[in-house]
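The chain that follows stands alone, in the form predicted on its own, written as structure tokens.
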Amino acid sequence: MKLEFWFDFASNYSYLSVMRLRQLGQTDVVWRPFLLGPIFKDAGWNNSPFVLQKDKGAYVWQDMPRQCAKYGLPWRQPSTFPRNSLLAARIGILCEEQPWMLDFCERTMLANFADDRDISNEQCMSEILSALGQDAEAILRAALADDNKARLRARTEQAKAHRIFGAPTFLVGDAMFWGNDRLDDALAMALSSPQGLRKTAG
């Protein structure tokens, strides 16, 4: 009954959920970074639906400033959308069990959606990792190794097996919740389990 948090670093609504976890006092989640691109490809799309469907895209860029204001989060519409999140995902899946994973996710999301930085750039990722006190060179080397690339490909297959179709998606046991606006419901279910999440002190 742990909360599994499936997200893509290129996903604007995943940005909201990543940043809200600390606000809600919840850091005891199972991180599941993955790539939406292969999911969209299986659906017959060669890009984000926010790009392919112009009216939906126009709505999103109205909605994001409202949502960020609601949660007290910084926002700058990315000059490139969706950004290539492959490198960030490779680092994320390599480090998803590290105690600083939330910090890494927050800083990467802020780089993309508040600072309009290119998260596919090794220098950008190196600066984030170094700011967290990590050995950026070693982590980047491990993230780009063949076994870690295979790990990310396997994660995509796991997402497909769970029938995940978008991000953010939250899994609590067999229950699926899709979208930032379902984060509270997913947390409530996880918290209701004796083996579920525990509220972080403070």
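Predicted, not measured: the structure shown is a model, and the values here were computed from it. In case it trips you up, residue 1 is the first one in the sequence shown, and so on.
The discussion below concerns the form predicted together with a further copy of the same chain, not included here.
You can rule out all but one of 134-142, 163-171, 150-158, 29-37: in the model of the complex, only 163-171 has residues with a heavy atom within 4.5 Å of a further copy of the same chain. In the model of the complex, Ala58 approaches a further copy of the same chain with a heavy atom inside 4.5 Å. Interface residue remark: Asn47 is not counted as part of the site for a further copy of the same chain in the model of the complex, having no heavy atom within 4.5 Å.
The closest non-hydrogen atom of Val51 lies beyond 4.5 Å of a further copy of the same chain in the model of the complex. In the model of the complex, a further copy of the same chain lies within 4.5 Å of some heavy atom of Arg182. Applying a 4.5 Å heavy atom cutoff to a further copy of the same chain in the model of the complex picks out Ala58, Tyr59, Gln62, Asp63, Arg66, Gln67, Lys70 from 57-87, in order along the sequence.
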